[in-house]
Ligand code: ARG
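In the block that follows, a single chain appears as structure tokens, in the form predicted on its own.
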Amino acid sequence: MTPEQVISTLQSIRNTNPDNLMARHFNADYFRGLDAGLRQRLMKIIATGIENSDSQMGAYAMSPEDYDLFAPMLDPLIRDFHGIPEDVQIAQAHDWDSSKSSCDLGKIDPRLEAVSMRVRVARNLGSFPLPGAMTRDQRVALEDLAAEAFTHLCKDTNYGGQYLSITPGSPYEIDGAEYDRRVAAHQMFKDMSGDRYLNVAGISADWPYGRGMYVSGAQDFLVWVGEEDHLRIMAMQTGGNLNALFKRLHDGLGRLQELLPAFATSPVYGNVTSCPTNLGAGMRASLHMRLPGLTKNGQDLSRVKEDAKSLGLAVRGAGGEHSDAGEGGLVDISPSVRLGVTEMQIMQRLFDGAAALWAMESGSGPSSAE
């Protein structure tokens, strides 16, 4: 498309899909002022929001430097999503000291000792393009680097475990049945090749090359390789002690930082991620709770979503984004903001929000937890 055709298309998307943040904040004058090379680079970043007009963000970075190079275009999107006013300076601080606060849901109600919890961070290596701009050879080379790091974890009694690859011909390759089993167990990520948003962005290209997962012996520490970001590093546990969960993640992240090249960071946005929604702490912390009263036994998420929003939380169905609640009103709750807040602030918000929702649930009738 010519520049004017792009501008016209985005004006139309802005009218029909006002929640598409890229279209909402698209600056036609800025776009016209770019030289042909920079326009082409920016088109790659915003292509998914053009081809998929129902996108929420509508943009994926292709390189860590994109956030600085195209700041006039991307900064308004980032601020809108993360709720940061234009006149407020973005400053990403980090704090992993969980000793300042006790966040154990089991002390609120013994039934909350059974909740399923997961916290993960996205990290990208500064020596590679972001996934949307990677070649197959680069994807495999990054996986090889990660697999070498995992050999050290496998020998460490605090981790152990194994690396499982879905790259054809990899020495760590697993078969389709094992892959399906790991997906069903909510450990391995799903086949990305059918995701229209990731397809347009180039993130799912070359599937399944360069993709795999490390899992610890206790199956409580996992690392996805080659998904939306180079690495998705996560800790999982059943039990309401968020302090223990965050410590497990922090310790594992520290080990990987010793074993891998430097992660990509921005002086403004903190940890660099493919999607602007994950910038900053690069973290998503969540837990599964059964809230039958607030969801009409899983039939209606509208009330719990509204209640959660007022607590700074987002609610998904038990199967993830765009899914319904599970049996008995099982939902996934997580803090919405990731940029400009520390890791411990995210932990505290999840704890406080979960406690508040549980109090609301307890007042609405019989309830349970998972």
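The first residue of the sequence shown is number 1, and the count goes up from there. None of the values given here were measured: they were computed from a predicted structure.
Form predicted in complex with arginine: not shown, discussed below.
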For the interface check, one of 30-38, 58-66, 329-337, 305-313 should have non-hydrogen atoms within 4.5 Å of arginine in the predicted bound form; which one? 58-66
Of Y159, Y172, Y197, F189, the one that lies within 4.5 Å of arginine in the predicted bound form (heavy atoms): Y197
Which residue, T265, Q138, T277, S98, is the contact with arginine in the predicted bound form, using a 4.5 Å heavy atom cutoff? T277
My question is simply whether E143 lines the interface with arginine in the predicted bound form - judged by any non-hydrogen atom within 4.5 Å. no
Across 215-232, the residues having a non-hydrogen atom within 4.5 Å of arginine in the predicted bound form turn out to be E228
